[in-house]
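Two forms, one protein chain; structure tokens for each follow separately as structure 1 and structure 2.
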Structure 1
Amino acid sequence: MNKRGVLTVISGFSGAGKGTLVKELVRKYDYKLSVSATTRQPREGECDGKDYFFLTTEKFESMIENGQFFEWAKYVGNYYGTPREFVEQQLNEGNDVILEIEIQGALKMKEQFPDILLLFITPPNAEELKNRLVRRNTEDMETITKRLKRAEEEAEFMDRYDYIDINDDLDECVQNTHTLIQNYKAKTSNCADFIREMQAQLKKLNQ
């Protein structure tokens, strides 16, 4: 209930279903999704400027040098980063923004902005994670193995997040995530503008 929107960072294991979850949150509740930049190759059906800004390594590195990212990280051999401009603009316009980024980036964001909400999305168990990666059929077995290894490392950081959000049933997870964000928005620390406004109105009313 501040005039500025709230920033939520969603991370989770590759294959946890973050992409689908985030798309549903945008569709159903009008959250604004930050479009990241990456140096990885587009997957079939992915569009430049919508799913990611697909950049060359040279371009990505020049954007790092120019301070154009809030955060960036290397993930399984490729760069990923959050361009500043869109996020700043949306928050200033009062929109709630979601970043769907991996752990190193999430922790860097939390260092810069201690008040942001960090959510960690996970399937109910490790076997289901592997099944989802295999069923998705977008990566070869070598990449899946790398991503599972990475998941093991990432699990060490799960306790740095504010909430664990289990994605078993998608609709339930969408609803649950929306509720977590709305509860977070209602924290008194996120309602300073509203509190001030109410105090001023009451003073005026009683004059």
Structure 2
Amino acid sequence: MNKRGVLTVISGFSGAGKGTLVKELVRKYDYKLSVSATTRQPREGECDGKDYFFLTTEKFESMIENGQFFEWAKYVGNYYGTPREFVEQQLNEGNDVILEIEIQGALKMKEQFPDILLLFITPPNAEELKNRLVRRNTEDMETITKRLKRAEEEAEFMDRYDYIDINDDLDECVQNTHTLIQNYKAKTSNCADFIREMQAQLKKLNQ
């Protein structure tokens, strides 16, 4: 019914399982994953065009001036942003695109493009969030405490999202997210072309 794809923006607390969820959605349902651009140097094993588009500062700033980003921000001296061209191309081809970004960028995109779908991924409770951060065994308790404090701040924006998706069981969360995205495609605002076509056909039949 809807020929243009849906852009879904996924955010959530650190430790909520966003990355794993997105990988499963891409693997199981062939969603297209938007690749962000950055001016930071590639880390070991990262590939240009797959993990990020690695750009010079001059190139990035030129793209900002030319309006080539959906959203962009500067963190710890490096730029990060979402290039328009790839996303628009995929959506126009009818592909559903997933973008995993922080809350600041997600809300900025929603202001510019009200029809995008915002999903917030969260564990079932705060204690589970802490347990997951500890179980990752990648950071000391001081860093984990900072992440939990950041999560407290991020929770103030949860009601700005279209849906809350609780990641308690990964398989269920993947299925639920897929269902939410597919249902969102049937929203009247996402079916403008179909509505116009149906109206035109009925008008022609009744001439």
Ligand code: 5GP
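We call the rigid core the largest set of C-alpha positions that still match within 1.5 Å between the two forms. Residue indices: 1-based, along structure 1. Predicted, not measured: the structure shown is a model, and the values here were computed from it.
Task: Assignment: the form predicted together with this ligand - done: Only structure 1 matches the form predicted together with this ligand.
- [ ] Once the core is aligned, please say if the CA of residue 81 is shifted by at least 2 angstroms between the two structures.
- [x] It does, since the residue 81 C-alpha is displaced 2 Å or more between the two structures after the core fit.
Task: Residue shift check between the two structures, rigid core fit, residue 138 Cα at least 2 Å - done: Where the cores coincide, residue 138 still shows a C-alpha shift between the two structures that is 2 Å or more.
Open item on the list: Quick check on residue 72: with the core superposed, does its CA move 2 angstroms or more between the two structures?
Closed with: Comparing forms between the two structures, the residue 72 CA shifts at least 2 Å.
Task: Distance the CA of residue 41 travels between the two structures [rigid core superposed, Å] - done: For residue 41, the alpha-carbon shift amounts to 8.2 Å.
- [ ] Just grab the Cα shift of residue 199 between the two structures for me, core aligned, in angstrom.
- [x] That residue's C-alpha is offset by 4.7 Å.
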